[in-house]
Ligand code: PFF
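Here we start with a single chain on its own, the form predicted on its own, put down as structure tokens.
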């Protein structure tokens, strides 16, 4: 049997996992959710949720991955052989494939809008906000252009994964993550210099505590899972490629800090500009593709800023889509013993077909509703609010109650050689075993009755 690939360095592993976490969840989803759920109130709850709940859950998932040294399905066969826990592995394979199907549609949108930015479509002539809204709605409701973008984006993702863990995933992460941070910081600096930007910063960082509701808490937790890639097998798979010498605690903390910083920087790049031009922050998912092009069309040097922004958006989308695709590829390679190239092709075809249906749900299939939502919106809601939270719940129960405290401690502390990890293990394990399951259950119930 071919020797299993691993990451070549801890830096490479952290960059790859940070790349998974830092993606459309930060640059597309986080800013619009800040707008929908009350600005700084959502930001505050999100930061608390990430470090008190999502970080221990991330540790739990990474412990399962590195302890088993195999894919998301095989991990439970290795650590709990002959039990029903293998069905958690099935969930961990299924969820990311569903996410990738609609995620790649948004990736296709970013390709189209990068093309528009390079063509100076936003600045060549003065567009009204209504015209730009019409351009976006006309594009996503059309048949072929979004499907072509979806296909190209998914194809590039598959090609990177085919290159392997070291030559594809790790190299791509090490190159693109520093570039992505630099691009978004440049945009944030430009936004901060706009007249009236201060109102946007106040919206982001001066919380109105009356806006903190169960719905806001549920949304923050769902966003935390989506952004940190916990609850659906990605971090489990990536951590299985980590060296036994690397610190899980240090790696997970760096990932969480980097992911949160990027989300905040992305919001600082977007919200001050939104307020500077007197627009509503509550635009929802269309914020990046309707509101921002209007801002670019009005902004001095807007043509340059728009190119930089949509390059950043595309890079962010790709770093995450690569990790999502790898979950299914690792499963097929290790469990079904097929080549990486063939595995990537199989996953590509499955997610491509479902993605086409998601894309068409904005146009010809817009009349097909599931619980009142088009297919795209339903899959986004269902994966973020239910499948990921269920996956996270099962992971913490498995690590907290099935694996056994000595085994968990052994993996987290690298056999007792990491004294710093040993000091934080007790509180972290308490959260994993007791607090996290209760919190996740509360959020799941609130999602049901929301």
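Only a predicted model underlies this, so the values are computations on that prediction, with no experimental measurement involved. Numbering follows the first chain given and starts at 1.
One more form of this protein should be noted, the form predicted in complex with 4-fluoro-L-phenylalanine (PFF), which is absent from this view; the next part is about it.
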*Judged by heavy atoms and a 4.5 Å cut-off, are 26, 227 and 232 together in contact with 4-fluoro-L-phenylalanine (PFF) in the predicted complex?*
yes
*Although 4-fluoro-L-phenylalanine (PFF) is absent from this view, report whether residue 320 comes within 4.5 Å of it in the predicted complex, heavy atoms only.*
yes
*Any chance residue 16 has a heavy atom within 4.5 Å of 4-fluoro-L-phenylalanine (PFF) in the predicted complex?*
no
*Does the 4.5 Å heavy atom contact test between residue 99 and 4-fluoro-L-phenylalanine (PFF) in the predicted complex come out positive?*
yes
_Considering non-hydrogen atoms and a 4.5 Å limit, does 4-fluoro-L-phenylalanine (PFF) approach residue 324 in the predicted complex?_
yes
*So which of 219-227, 129-137, 171-179, 157-165 is the stretch with heavy atoms within 4.5 Å of 4-fluoro-L-phenylalanine (PFF) in the predicted complex?*
219-227
